[in-house]
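This document opens with one chain alone, in structure tokens, the form predicted on its own.
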């Protein structure tokens, strides 16, 4: 098959996502009082309501309704004041009552959007931007210094209850194919679940991956879900079709079901785009179906024909009255909105002069944005001066420390904002080099010690006194008259030799910046 880059020269991919997020910060299920607990013994959190026993009546979870309205407000959706629940009928055994309670044509949240900044190698997946200059609008996106910005429409966010968990035994990889028996755990059945459906605005696998990551950051920021793809609280179905460039007619789509990692979403969509192009260019036809991405084999396999709305026989749930949300309720939820990741990154740019790329890295890393804000509060009037050094310490050195040790966010690191500010100040003043700052930082992170104490204990404080450095430079130049003459004759590469000799005389404690400045004036 052709590579993705080769395919996208002639074909345009059209991608839409259906993102399911469990409201894991809630304590009870959507329509009953059963406890939500990941990893509990099978079937211990069930009752007549979530099992759908005759005579049991559902009662909506008010906290869940608040959570979905919060999600809608955070993603620029219109909040519909009147909506209702429907029954979605299907015969899989993961719902004991053979239907799922969900919303109908009108959901709590409608017509929203999120903006994506696509940068680096991933931006190259978007065809037709070569040669475009920052500020231009090209192929419907705004070109930036690092890549481009695109807006992804959100059709709706609706509320539903999650299904139970199927466990297949006797086969390979825990899948139903080849299994000798299947078990079902209904603990998860009835868990509040919100589903976000995008418009078919995504054009590359990278855009799909970034949308999922941005949405997860938003949901975590507003405190409605932990968005753990490993534990299944965030899942995604990807719908993708391709069409010839310039064509406006949508092709036949396939659905990648229950993708459970950001990488799998990107890789699965990439393969499916390539596969569909291979089929169509070979004279075949794409079949509308649900497919599974196998990350080990790195291909998609057909699961079943794709259901249509008619297959589910949707009708209003007779046990649940329509919802009428008041303006007062919506505004009370709006008042709970925190500063969202995108706005926080823009504040870092506007208030402290950070590069947009660095600001995004701070808000994308778990705990970094709050730590940066804490540092700026400690820095006070010096905040603008220390912002970039502090951000560099976080993005480069703290991140490297955590990656090497496999730490979970900032949980395993012993550091206070005051420590980072102190270390950034020392580096900015030339008291220690950037390499030494990293050495000190790692000790501080591991032991929670004061940076000044570590610097003194290890004798790392640099000598920046101009008079002392001038004496050393003069001595080095006096001992090497031949090299001084050669330098002045054009062999400027000898500058490194002179710096090295000065550093040797100063036992590595000389400030390289000051040494270079003095050498430059002496050799001019």
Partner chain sequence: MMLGLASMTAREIRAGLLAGEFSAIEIAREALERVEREDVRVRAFLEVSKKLALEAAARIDAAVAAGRILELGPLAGVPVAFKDNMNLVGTHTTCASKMLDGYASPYTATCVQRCLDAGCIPLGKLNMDEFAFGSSTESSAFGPTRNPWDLDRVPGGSSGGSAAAVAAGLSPLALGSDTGGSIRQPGSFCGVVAVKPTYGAVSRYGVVAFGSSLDQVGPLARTVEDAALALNVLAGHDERDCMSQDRRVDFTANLGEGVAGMRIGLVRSFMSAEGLSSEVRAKVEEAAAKLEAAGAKLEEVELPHVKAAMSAYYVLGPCEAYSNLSRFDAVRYGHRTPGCESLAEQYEASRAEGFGPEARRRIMLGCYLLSSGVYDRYYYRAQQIRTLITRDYAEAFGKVDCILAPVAPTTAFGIGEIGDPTEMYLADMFTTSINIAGNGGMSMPVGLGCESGLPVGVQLIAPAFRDENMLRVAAALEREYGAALVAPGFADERAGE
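For the two forms, the rigid core is made up of the largest set of C-alpha atoms that agree within 1.5 Å on superposition. Numbering follows the first chain given and starts at 1. Computed from a predicted model, the values in this text were never measured in an experiment.
The protein also exists as the form predicted in complex with its partner chain; that form is not presented, and the subsequent description refers to it.
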36, 51, 469, 484: which sits within 4.5 Å of its partner chain in the predicted complex by any heavy atom?
-> 51
Tell me, out of 271, 99, 401, 262, which residue has a non-hydrogen atom within 4.5 angstroms of its partner chain in the predicted complex.
-> 99
Is residue 357 close enough to its partner chain in the predicted complex to count, meaning some heavy atom within 4.5 Å?
-> no
Contact between residue 314 and its partner chain in the predicted complex at 4.5 Å, heavy atoms?
-> yes
Would you please decide whether residue 57 lies within 4.5 angstroms of its partner chain in the predicted complex, comparing each non-hydrogen atom pair?
-> yes
Answer with yes or no whether residue 186 is in contact with its partner chain in the predicted complex, where contact means some heavy atom within 4.5 Å.
-> yes
Answer among 58 to 66, 473 to 481, 22 to 30, 486 to 494 for heavy atoms within 4.5 Å of its partner chain in the predicted complex: the stretch 58 to 66
Partner contacts in the predicted complex for 79 to 94 (non-hydrogen atom within 4.5 angstroms of its partner chain) = 87, 89, 91, 92, 93
Return yes or no for residue 267: a CA shift of at least 2 Å between this form and the one not shown, with the rigid core superposed?
-> no
Can a Cα shift of no less than 2 Å be assigned to residue 113 between this form and the one not shown, given superposition on the rigid core?
-> no
Exceeds or equals 2 Å, Cα of residue 91 between this form and the one not shown, core fit | yes
